[in-house]
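Just the one chain here, the form predicted alone, laid out as structure tokens.
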Amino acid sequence: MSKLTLENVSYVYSPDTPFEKEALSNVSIEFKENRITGIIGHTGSGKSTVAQLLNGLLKSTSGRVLLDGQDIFEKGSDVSKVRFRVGLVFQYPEYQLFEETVWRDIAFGPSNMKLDPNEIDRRVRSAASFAGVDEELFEKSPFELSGGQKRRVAIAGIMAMEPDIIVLDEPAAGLDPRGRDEIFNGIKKWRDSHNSTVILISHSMEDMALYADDIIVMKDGKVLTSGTVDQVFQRVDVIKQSGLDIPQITAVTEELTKRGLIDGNGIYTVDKAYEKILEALKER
């Protein structure tokens, strides 16, 4: 499996101009293989800049981005091949759609990989199935679809390249709860079946609690804290320091713990809260 690492990476927008802004400052992150890593932070924290650095859309001002130990911008490297291996789904990915039909949009990446027609067709159908795109939509224009359908087509277009690593920047932004669940469950299913590494960027701690294995919390272009989901949710004060809202169920169980009703620090899912409350009721 592919290994992706940021090594002492800094990035400055518009250097040597009045608009100069440091978006990242000496950031080092090693993304664990075969896991869903969530990157979370407020607007301006640097998380979307990280996304664009990971597949070479941006080049770091200093430091290195390593794929299997190789600097993706070292002399002689082919960044276009990196983008086949590290697929990036932008925030509001439906704005990436441009082909005449849904099928052609999903097939765009595999076609650029110079695959034979049968393999392209297989990948389109497989990716569409995972992303929840009905084959009845294949001959439709993507611009005739609903917002949620467009989102799924754009995600399927990245999945069709079968990258080792998928980076998704706010993939469920603007969707209703059902649409969010469908997108995230599809992503988890893809990771499990393809042994892929998934990097999920969001501002929602609820999403991270439900779908991530590891979390990186960013603030002002730096990593504030990181670890497994359990480890990070034990650091509620640090999460609040980043300006993020903790999940509502965490706030509820924190208050119940303060009142001595349960022992529930670091709870971040309804199921775990239920277990703790049931346990406390039985003891009474």
Partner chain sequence: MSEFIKLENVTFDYSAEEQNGQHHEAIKNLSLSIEKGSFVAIIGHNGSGKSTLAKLFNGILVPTNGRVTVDGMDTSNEDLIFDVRRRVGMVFQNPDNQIVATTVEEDVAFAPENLGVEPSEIRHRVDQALESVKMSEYKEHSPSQLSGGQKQRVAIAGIIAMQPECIIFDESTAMLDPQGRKEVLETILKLKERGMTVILITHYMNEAVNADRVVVMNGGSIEMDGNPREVFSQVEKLREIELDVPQVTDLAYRLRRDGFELPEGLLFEEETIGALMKLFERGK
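Bear in mind that the values here come from a model prediction, so they are computed numbers and not experimental data. For the two forms, the rigid core is made up of the largest set of C-alpha atoms that agree within 1.5 Å on superposition. Positions refer to the first chain, counted from 1.
Below, we refer to the form predicted in complex with the partner chain, which is not included among the displayed structures.
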property: Answer option from 123, 180, 150, 83, heavy atom within 4.5 Å of the partner chain in the predicted complex; result: 180
property: In the predicted complex, the one of 138, 92, 108, 73 near the partner chain [non-hydrogen atom within 4.5 angstroms]; result: 92
property: Within 4.5 Å of the partner chain in the predicted complex, all of 216, 218 and 228 (non-hydrogen atom); result: no
property: In the predicted complex, segment of 25 to 33, 60 to 68, 219 to 227, 40 to 48 with a heavy atom within 4.5 Å of the partner chain; result: 40 to 48
property: Contact of residue 203 with the partner chain in the predicted complex (heavy atom, 4.5 Å); result: yes
property: Proximity of residue 249 to the partner chain in the predicted complex, heavy atoms at 4.5 Å; result: yes
property: Touches the partner chain in the predicted complex: residue 261 (any heavy atom, 4.5 Å); result: yes
property: Partner proximity in the predicted complex: residue 192 to the partner chain, non-hydrogen atom cutoff 4.5 Å; result: no
property: The partner chain in the predicted complex - contacting residues of 262 to 284, heavy atom within 4.5 Å; result: 262, 268, 270, 271, 273, 274, 277, 278, 280, 281, 284
property: Rigid core fit then residue 261 CA moved by 2 Å or more between the shown form and the other one; result: yes
